[in-house]
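Below are two forms of the same protein chain, given as structure tokens: structure 1, then structure 2.
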Structure 1
């Protein structure tokens, strides 16, 4: 990143813009000279049961009692029928891999990680889960059976991951 910044500073003088050439693609990139530090606080009071479930090794979702729509991540209110009568249920944590992408250019908040893979799986319960894929992305394919495992990130908190099922 420092190399990009230096190139952008040089190019401001020459071109008038903070641009640099991408080493991989050769494409011209805008390099913003401002740093973005982002911290946020989000209330989880209405979905606290989800986090308690993760701690107990469970993956929880919500279901609207009125229309039956399922939500993962869980929601307090149903946006379909605007009802607030929701029930919690535990997902089976197994399904099928739908797609994936490998993130080589990581945002600053994930710069401590090696390139990682984000995948989408459709669970047998009918909900889709977006999460990091554990394992070699070149050894999986859409349609492959996967499971959800709860693991601890290097920051020390629990998160769910998509894991290919062997065999």
Structure 2
């Protein structure tokens, strides 16, 4: 893409338009002069206790006061009861590893990271958590015990991680 952009800049001067030739096919391409940056602003107004929980070292789910269902990731509404009467419930942070993958080809927005392991664990409380797995992915296997720890990410903010339990 950088090559095409440079070629287009040169071609504006030499040829009169932002164009470049695709190397493989030899076909002429117009190199878009407009660029779009996307960054979303997402409301966490109704689940802010979850983030406050992380600050206190807690992993919180929401629990419907009427039917008792646990929701993780936390959500504001219980669709079963058609109600929003929820309380915050502290998860025990222990469970079983169900599955994992190691992301080698990373999106550009994660290029600052080395390959990372994403895993899903089923906590003893019954809910599942998807998170990064800390440690060597070759030393873990589905079915083994894991715990949740809260740690600082590279970007400087807190996030929950899955950590294998020794033995």
Partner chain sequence: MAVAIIGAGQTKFGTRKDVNMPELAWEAIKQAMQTANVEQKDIDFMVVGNAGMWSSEAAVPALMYEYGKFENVGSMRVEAACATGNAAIRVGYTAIESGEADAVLILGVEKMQESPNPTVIELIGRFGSYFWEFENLGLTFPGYYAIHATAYMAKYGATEEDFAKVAVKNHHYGAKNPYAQFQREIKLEQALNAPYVAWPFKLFDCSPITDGSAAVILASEEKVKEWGIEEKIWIHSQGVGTGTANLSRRESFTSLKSASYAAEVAYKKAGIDIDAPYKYLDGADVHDCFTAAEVIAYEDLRFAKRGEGVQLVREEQTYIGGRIPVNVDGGLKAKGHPIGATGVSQAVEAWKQLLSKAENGRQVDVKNGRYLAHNVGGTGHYSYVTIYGLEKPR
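Numbering follows the first chain given and starts at 1. Bear in mind the structure is a predicted one, so any value in this text is a computation, not a measurement. For clarity, a rigid core is taken as the largest C-alpha set superposing within 1.5 Å between two forms.
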Assignment: the form predicted alone
1
Quick check: residue 16 between the two structures - does its CA shift reach 2 Å or more after fitting the rigid core?
yes
Answer yes if the Cα of residue 68 shifts by 2 angstroms or more between the two structures on a rigid-core superposition, and no otherwise.
yes
Here the CA of residue 80, compared between the two structures on the core, is shifted in angstrom by 3.5
Angstrom shift of the Cα atom of residue 6 between the two structures (superposition on rigid core):
10.8
